[in-house]
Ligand code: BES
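Okay, here we've got a single chain as structure tokens, the form predicted alone, with questions on binding and movement later.
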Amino acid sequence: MNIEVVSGRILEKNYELLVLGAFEGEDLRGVSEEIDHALGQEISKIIKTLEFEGKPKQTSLLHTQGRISIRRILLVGLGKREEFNLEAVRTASGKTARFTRDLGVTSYATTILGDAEKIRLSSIVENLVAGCELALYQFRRYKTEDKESPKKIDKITIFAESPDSVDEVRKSILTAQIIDRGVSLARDISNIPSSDATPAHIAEEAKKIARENRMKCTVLETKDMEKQGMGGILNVARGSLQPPKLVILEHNGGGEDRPIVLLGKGITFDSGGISIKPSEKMEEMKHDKSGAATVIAAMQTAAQLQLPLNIVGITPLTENLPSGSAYKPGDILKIYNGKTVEVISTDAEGRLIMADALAYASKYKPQATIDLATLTGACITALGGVATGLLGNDDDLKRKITSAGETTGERVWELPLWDDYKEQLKSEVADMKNVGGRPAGAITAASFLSNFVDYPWAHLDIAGTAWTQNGSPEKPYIPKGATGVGVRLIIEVLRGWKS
């Protein structure tokens, strides 16, 4: 989609539709006041009659009837000024983008929605662009029987009141579009069914992304993992005909600095294995690769933004299926770092492949490691679809992630990682069990992972936020299906890493 920025006199513009933001309980200002005056206070009348109050997600469409060269005005509510934040920008922008698309309009203009005196102009513009582009995302790869072509927006024009701000706005647009492409990539990888998004397919996609963005890509095959002693990945993969892969992407922008490692769970389909899941909604388990999708997309984004950091992205990829060769409850596995695990449930497979990858990450001597995984249904029970679970061993890293979550709207909530929880994982026959029972399931899963890290580490359980499901908050910029959660969050952390 083409997004451009213009300045000049608003009443000289010839737009099919112009979006104006309005704060709740306030008179119009600036461009909005100028247009209102040209329309004989028509907008003010709508506000005074309470047809439109400026509340969040509220819209009102006004036809100008030829009184100005702009044909239609769409008012969108920004809520109360004192409560204004970037989520309000994303929400208003996403709402207007969907509303305009549904009208059948293929291009529209928008003023810069919000208060640049309260929040940096660049941040407002980035989130305005994110709101509209992410709202307009559609996954239509397998659609063949639509009677009509899908409605879509081809062009958005952002009107900047101050000519002096045009360069800053243009730069912010370009940054936002790079990040939005990353989110869309993560959504695509997650949404594609496992029949097509096999470990081999995703590994090839990662290689292509690496070539296009000057990153190094290494793919460990079965024989490589056998030599390395990666018993977690290899055993989970035993029930599938699809060979497992361990994909490693490297962005080198930080000179001699130690790298930051990103690690994403990539179960391309999770049946539960021998401990098979109920059939209801099992189709959603194509999203069990969302952590890997986010890491691959974040690596692409970091490279395209030319972030001055060394970043390594690691994604273990495999299916988890039942068969005559599948691993079984009672089996004892040896992980990359030599620790042994008694398998209680083969449906707790994600932590097994993550254990190998986390232990393998030690070879990079990372400054820090952040992992993302659709790890536990227990996290959905605890936090629903509103927040991602955060656990870790480094307070500064957790603060960085929490702050980035508030900025991006991909909020996290910390759960405790006390040693007490390790008691639930004790095994009579191995170093540990792979599950600790129903109590504190999200915490004991993270506690399990903590056995395989020896560096600053944070774990993000995205089971409730990786795709829209019951309890997911309705946000205009998040269509149904994969959300791409974590891409904007991680990039925000990385952009502010050295500050």
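Start at 1 with the first residue shown and count on from there. Quantities reported herein were computed from a predicted structural model and do not represent experimental measurements.
Just so it is clear, the following notes concern the form predicted in complex with this ligand, a form of the same protein that is not shown.
In the model of the complex, this ligand lies within 4.5 Å of some heavy atom of residue 347. This ligand in the model of the complex is approached by residue 374, whose closest heavy atom lies within 4.5 angstroms of it.
Contact check for residue 446: no non-hydrogen atom falls within 4.5 Å of this ligand in the model of the complex. Residue 467 belongs to the set of residues with a heavy atom inside 4.5 Å of this ligand in the model of the complex. Taking a 4.5 Å heavy atom cutoff to this ligand in the model of the complex, the contact residue among 351, 245, 95, 187 is 351. Of the residues 219, 75, 378, 401, just one reaches this ligand in the model of the complex with a heavy atom at 4.5 Å or closer; this is 378.
Contact annotation: this ligand lies within 4.5 Å of heavy atoms from the stretch 277-285 in the model of the complex, the single such stretch among 208-216, 277-285, 170-178, 387-395.
Contacts between 410-441 and this ligand, taken as any heavy atom within 4.5 Å in the model of the complex, involve only 435.
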